[in-house]
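Read the single chain below, which is given as structure tokens and is the form predicted alone.
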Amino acid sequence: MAQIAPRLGDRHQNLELHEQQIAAARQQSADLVVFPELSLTGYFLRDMVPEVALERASPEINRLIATAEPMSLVAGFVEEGAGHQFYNAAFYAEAGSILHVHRKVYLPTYGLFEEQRYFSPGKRFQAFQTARFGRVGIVICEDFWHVSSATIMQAEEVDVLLWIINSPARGVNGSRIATAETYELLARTFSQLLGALVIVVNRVGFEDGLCFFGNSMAVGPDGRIIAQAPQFDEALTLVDCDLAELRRERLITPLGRDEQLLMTIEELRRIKRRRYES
């Protein structure tokens, strides 16, 4: 888990920071390096979005993928798609090429957030097969605050859910940050419901006077936190994952086996007719 403090709008500096973290991860014999949401650009980009955008086949992304070999790599970037639309996106690279790109579906535009002013929304949640980690899904920040993403990922039978975020510290609950408590609660709850390993990677540093709290974590399929990065400080945290735990937990609590997917689909069709077709 590469918990970094990217520099807002400075793609060149952020590329170098990624390469440093990748080199350090290689020294620890890591299999996968996961960076936070928009790790190549910073978060509050506003009118800088077109300036820092990259196509997924760009030289900068290819350079990062080559640097990471033979490790797998997840990083957040602004993707420029067809028709010059821009997406808050993340790629998963393996064996020297991009295996999957997820475009953030739920774009928060409330309170201090204004993503829908600058980004187009993604259209799907889709898992993919990897060589090392089984079926993997990626969600970006607000995505996992919506039950639909967890429902789809359960139907996709994910083994590992990568949740990359940019969350500033908001609210205090005793000695703890309220947003940090919420992310931990969601990660632990959905890990048990999915019967999957959930990896949450947040950033640190300041933008627009807001403090990003870090606190990246790995949660096992039983809801137990198995690794956690510090609050507020940059850190490269090695997570030792035993995927055999997935089998044990699914034998104990076979929620995925018992899920009635066809019933869910039919009920959603019924609700669609009532809400949108009546």
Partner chain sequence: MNPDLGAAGLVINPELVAEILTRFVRNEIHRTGFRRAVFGLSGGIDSSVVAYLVVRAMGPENVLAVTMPYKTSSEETRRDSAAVVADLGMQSLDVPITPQVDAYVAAMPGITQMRLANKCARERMTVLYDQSAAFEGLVVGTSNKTELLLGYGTQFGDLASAINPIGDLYKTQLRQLAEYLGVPAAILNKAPSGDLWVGQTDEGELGFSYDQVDRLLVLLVDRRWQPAQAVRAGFDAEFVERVVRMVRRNQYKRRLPVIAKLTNRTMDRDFRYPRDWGT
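Residue numbers count along the first chain shown, from 1. These numbers come from a predicted model, not from an experiment.
Beyond what is shown, the protein has a form predicted in complex with its partner chain; the following relates to that form.
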*Should Gly83 be classed as touching its partner chain in the predicted complex when contacts are defined as heavy atoms within 4.5 Å?*
no
*So, in the predicted complex, is Asp222 in contact with its partner chain at a 4.5 angstroms heavy atom limit?*
no
_At 4.5 Å between heavy atoms, is Gly209 in contact with its partner chain in the predicted complex?_
yes
*Partner contact for Leu45 in the predicted complex: its partner chain, 4.5 angstroms, heavy atom*: yes
*Which among 146-154, 101-109, 127-135, 165-173 is in contact with its partner chain in the predicted complex, heavy atoms within 4.5 angstroms?*
165-173
*Taking 4.5 Å between heavy atoms as the contact cutoff, choose which of Ala187, Leu193, Met71, Ile177 touches its partner chain in the predicted complex.*
Ile177
*in the predicted complex, the residue from Asp233, Glu55, Asp242, Asp31 that sits within 4.5 Å of its partner chain by heavy atoms*: Asp233
*asked:* If you apply a 4.5 angstroms heavy atom cut-off, which residues in 115-152 are near its partner chain in the predicted complex?
replied: Arg117, Tyr118
